[in-house]
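Starting off, we have a lone chain in the form predicted on its own, written out as structure tokens.
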Amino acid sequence: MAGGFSAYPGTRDFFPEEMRVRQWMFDCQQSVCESYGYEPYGAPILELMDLYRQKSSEEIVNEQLYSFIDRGEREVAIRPEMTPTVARMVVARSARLQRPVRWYSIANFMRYERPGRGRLREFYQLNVDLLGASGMLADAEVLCLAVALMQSYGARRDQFVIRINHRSLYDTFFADLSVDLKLLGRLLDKREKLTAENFARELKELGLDDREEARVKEYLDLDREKLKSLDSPAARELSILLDYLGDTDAAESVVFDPGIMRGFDYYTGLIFEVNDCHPENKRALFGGGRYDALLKQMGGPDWPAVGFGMGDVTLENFLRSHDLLPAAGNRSGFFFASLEAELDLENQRLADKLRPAVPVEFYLGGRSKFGKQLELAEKKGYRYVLLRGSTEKAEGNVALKDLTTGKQESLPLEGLAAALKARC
């Protein structure tokens, strides 16, 4: 370990080749979100602690927050999630915002958790929020956007599934239960991580009687057909939503699952979770839901809201499991080799003229042989190398070598930037 220091446990250093992969992930997210009309926003990484005490889950506040007293004697925390922040921002500007508000952000967060596969203390997350729009069409838009994101990475429909539920369906189904519904909800949330015996034991430990245990089994046995027979507004909402999605690209990706609960207390309606279907990575990737009461609880307008967060750690594991990641070394742009020292200044000026259109890295390694320069370009992940010696200068062109195919062609200086941009 050079220098005796390493990254803080549960965080990552991103070297250039890793940054290229991460940026590709973020570029896909930006492209899909903006294709739906969502706009980017940003916020500070520090928030006042009270924001999370009021609006986050107890697990996050009590066990996972990085918090401290600043020099102004204020209790602050590093953000562990974005929904309370976006709610705070919308409340502050609600009188000037045009509804519905479609916002997205790609930001970093920290939670004090035990690092492991799919879970780190620092992570990056795409947050998508649709505020000021209620009803099935708003829920469907967010679900379709989530499917479009997965497809943008090349994921097939059999490689992931989106499981949906409704918080009110759960609340009304167990309205007469004698135990704390939050505790039961947390148990349902982790049910798939438990054996049948351990789930039954923990259910007993909650204090349910035989009738109530049978009621839980009846609830978990609900399927799409049984959903239609329930006399419940939430059941009707879910049935209508599933019928609508049957005519969209999300048809084969979205299923009803009464066991999906999610941990955040602010969810009021739709809840959903995206799961990997790979046998070696069967886990939740990301999720979200409807949080209609949050803005009003924060002193803002009574606007409905729905959204989700997609973390980069679980997403990268999914892409790696299904061999969907691009090669880490691939770089866009061009490597400009140095063939003759007397032309270096002139060629650097040419590189400057090209850079508004395409990325160009000019070789500055001294008088290395041409073969060594090609080897360097390949190691750096470039596919194309620009060559301009006295012969090319006399002919008024630049040679372009493709390191993948080994082919070389001559391109005229006039229109060179456009020709290179087409290859990018």
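Numbering starts at 1 and runs along the sequence shown. Because the structure is predicted, anything quoted here is derived from the model rather than measured.
Although it is not shown, the form predicted together with histidyl-adenosine monophosphate (HAM) is what the next lines describe.
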Handout entry: is_contact(residue 285, histidyl-adenosine monophosphate (HAM)) in the predicted bound form, heavy atom dist at most 4.5 Å
Key = yes
Problem - 4.5 angstroms heavy atom contact with histidyl-adenosine monophosphate (HAM) in the predicted bound form for residue 111 - result: yes
Practice task
Find out whether any non-hydrogen atom of residue 311 is located within 4.5 angstroms of histidyl-adenosine monophosphate (HAM) in the predicted bound form, and reply yes or no.
Solution key: yes
Practice task
Although histidyl-adenosine monophosphate (HAM) is absent from this view, report whether residue 262 comes within 4.5 Å of it in the predicted bound form, heavy atoms only.
Solution key: yes
Practice task
Name the single residue among 275, 127, 347, 253 that comes within 4.5 Å of histidyl-adenosine monophosphate (HAM) in the predicted bound form, judging by heavy atoms.
Solution key: 127
Problem - Of 118, 100, 185, 135, the one that lies within 4.5 Å of histidyl-adenosine monophosphate (HAM) in the predicted bound form (heavy atoms) - result: 118
Handout entry: Which of 337 to 345, 233 to 241, 277 to 285, 70 to 78 sits within 4.5 Å of histidyl-adenosine monophosphate (HAM) in the predicted bound form, heavy atom basis
Key = 277 to 285
